[in-house]
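Next comes just one chain, in structure tokens: the form predicted alone.
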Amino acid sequence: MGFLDIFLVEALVNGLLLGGVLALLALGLNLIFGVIDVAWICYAELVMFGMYAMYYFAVVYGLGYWIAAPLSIAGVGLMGVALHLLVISPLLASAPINQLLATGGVLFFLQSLATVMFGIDFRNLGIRLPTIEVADVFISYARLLAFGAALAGMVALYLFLTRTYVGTAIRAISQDRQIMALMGVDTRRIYVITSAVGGALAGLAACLLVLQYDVHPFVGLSFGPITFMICVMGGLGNMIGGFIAAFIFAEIISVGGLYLDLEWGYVFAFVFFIAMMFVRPEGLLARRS
């Protein structure tokens, strides 16, 4: 294997591992949109608060990573419920632009709140995970762990949606919410549960991202826009489309970062997104009507 080939393989593997985390982020956002029909522009800021929760539970209070993780996931899940009850629910009958503006306002509110509460210092867990060497290819253990946990989270969500009554109701409402309401399903309860699950997925993503990124009030800008573009390109509300789009974007970012630098990788991803919107403005796999 040539010198450049090794780095290309590393880039492809790292893109695959990054795609798992991006797919998890997109999955939570698509779940919420598919059921409630509202896109949470502030979704990445919930992840940011989850990362802060991990830092305080694990470092400040000394609870350790494996205790801090479920507490953080539960906390962000409750934040998702609060966001729905306080902001989304009163606007369900409003125009989509009003809903987007409201969640956009929540984005700036949460960034400002984090700045006031935590300051602008960069913080991290101080966990240094090793690098694994496989056939001359070096793989980040943190990314490998994040990929495995993201995959487990997606499998757990799939089982929840397909094997439980509530999950079946969530899938049914995502296909036709008017008929399900006429059949006696309490849509408001399903919306709250969906918001809790979407928030919990953001919390899980926070537990994985905090192993790779420092946390600060604006860390959501690192992955919030790319997550939203993944959902749009996959077809808003379409979980399979978002899953596929996440890996496409991740590979573009990783390989582009290999030949130039990481910032150019994101530039290539944005250019690809714009081009795809001309070719398939409804997304790779448009949501079923």
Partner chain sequence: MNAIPKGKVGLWAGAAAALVILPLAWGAPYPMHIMITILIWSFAYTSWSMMGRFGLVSLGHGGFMGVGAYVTALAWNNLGLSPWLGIPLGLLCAALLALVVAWPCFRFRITGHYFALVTLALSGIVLQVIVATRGLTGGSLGYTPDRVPGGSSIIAFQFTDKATWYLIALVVWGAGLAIWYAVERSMMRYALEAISEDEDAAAAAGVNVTAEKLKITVISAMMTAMSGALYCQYQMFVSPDTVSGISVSLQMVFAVVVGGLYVALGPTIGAVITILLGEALRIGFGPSAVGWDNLIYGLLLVVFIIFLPQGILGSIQSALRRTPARASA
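Values in this document were obtained by computation on a predicted structure and should not be read as measured data. Positions refer to the first chain, counted from 1.
Not on display, but discussed next: the form predicted in complex with its partner chain.
- Residues Val116, Val232 and Gly235 are all found to lie within 4.5 Å of its partner chain in the predicted bound form, as judged by heavy atom distances.
- With its partner chain omitted here, the record of contacts in the predicted bound form names 80-88 of 80-88, 148-156, 193-201, 163-171, defined by a heavy atom within 4.5 Å.
- Among heavy atoms of Leu101, some come within 4.5 Å of its partner chain in the predicted bound form.
- Within this chain, Pro225 lines the site of its partner chain in the predicted bound form, having a heavy atom no more than 4.5 Å away.
- When contacts are judged by a 4.5 Å heavy atom cut-off, Leu221 counts as touching its partner chain in the predicted bound form.
- Proximity of Val255 to its partner chain in the predicted bound form falls outside the 4.5 Å heavy atom cutoff.
- Among the residues Ser112, Gln212, Thr131, Thr187, the one placing a heavy atom within 4.5 Å of its partner chain in the predicted bound form is Ser112.
- Shown without its partner, the chain has Asp261, Glu263, Trp264, Tyr266, Val267 in segment 249-268 as residues with a non-hydrogen atom within 4.5 angstroms of its partner chain in the predicted bound form.
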